[in-house]
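We've got the same protein chain twice here, in two forms, each standing alone as structure tokens: structure 1 and structure 2.
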Structure 1
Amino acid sequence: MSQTKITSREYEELNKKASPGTKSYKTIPSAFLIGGFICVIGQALTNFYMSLGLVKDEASAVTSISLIFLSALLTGLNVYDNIAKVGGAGTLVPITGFANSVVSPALEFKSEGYVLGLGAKMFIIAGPVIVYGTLASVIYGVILWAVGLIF
């Protein structure tokens, strides 16, 4: 079998033909509305937990846990993907999007077993975010410490 080599220009043209155009006039407002709605749910949960007597920091922590749980549950029920089809980038609100990125691969590879499937593949998408986020925070901390020594 011979392999045909194409130039980067030809590849770009093939990619443009195969990729559907984005309708920004539609996707941007829906991302804004869905992302905003997720944030409104978070604020409503915080207010609810504060009305139960929790202080703001405690209510915020319980809200984070609730949003992670709801996102994981909706992902498991295959509802989160349908919301993402409408809301696009709006569903990437950090905590819910992160929970979705952990649960989705876990569900996809669960047939391979708990260790080699679920355990090994759970962080396939979220892993790089954790690694680079941790690395960036360490670098930021070192810079902040160095600036504190200078000034």
Structure 2
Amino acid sequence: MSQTKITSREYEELNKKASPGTKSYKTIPSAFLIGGFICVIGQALTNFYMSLGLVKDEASAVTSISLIFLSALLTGLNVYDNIAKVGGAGTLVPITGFANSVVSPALEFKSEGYVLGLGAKMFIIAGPVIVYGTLASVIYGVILWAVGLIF
């Protein structure tokens, strides 16, 4: 007896019909709202740090550190993933999402030890962000330098 006589392409069509689509009318607005809200918190922190006398770049860096701290705390308290269920890209794209993707494997793989678990797996999700961000910046730097030589 042969496999059910149906091609992969036909089956993909059936699958598309059977699979419910994402409710984008819900997910996109909530990503907008929650992502926007996180940025407003960032703005409030920046304003606060500038009122303490930090210059803009410093205030911006301290804001990032603060948001990362908050994200780490919420991740540790088992809350961030619940916000992300609603927030989607709204909790993924801000720096807090980057922090969550570093903190969550650190928590998770501590059970495999501090070195090969926590240490080795901390950047299992966020690693590519640093790798490709750094590579892109180096390429940009080399181009800048080369252009500088020519002109």
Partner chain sequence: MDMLLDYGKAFLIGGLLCAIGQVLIDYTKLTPARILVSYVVAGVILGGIGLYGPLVEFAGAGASVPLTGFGYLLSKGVREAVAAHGLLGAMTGGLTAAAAGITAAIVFGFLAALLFKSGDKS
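Counting starts at 1 with the first residue of structure 1 and goes up one by one along its sequence. Rigid core here is just the name for the largest C-alpha set that superposes within 1.5 Å across the two forms. Keep in mind it's a predicted model, so treat the numbers as computed, not measured.
Participant: Out of structure 1 and structure 2, where do we see the form predicted in complex with the partner chain?
Facilitator: Pick structure 2; the other is not the form predicted in complex with the partner chain.
Participant: On a rigid core superposition, would K16 pass a 2 Å threshold for CA movement between structures 1 and 2?
Facilitator: Result for K16: yes, a 2 Å-plus shift.
Participant: Please give the CA displacement of I139 between structures 1 and 2, in Å, after core superposition.
Facilitator: Shift of I139 at C-alpha, rigid core superposed: 2.5 Å.
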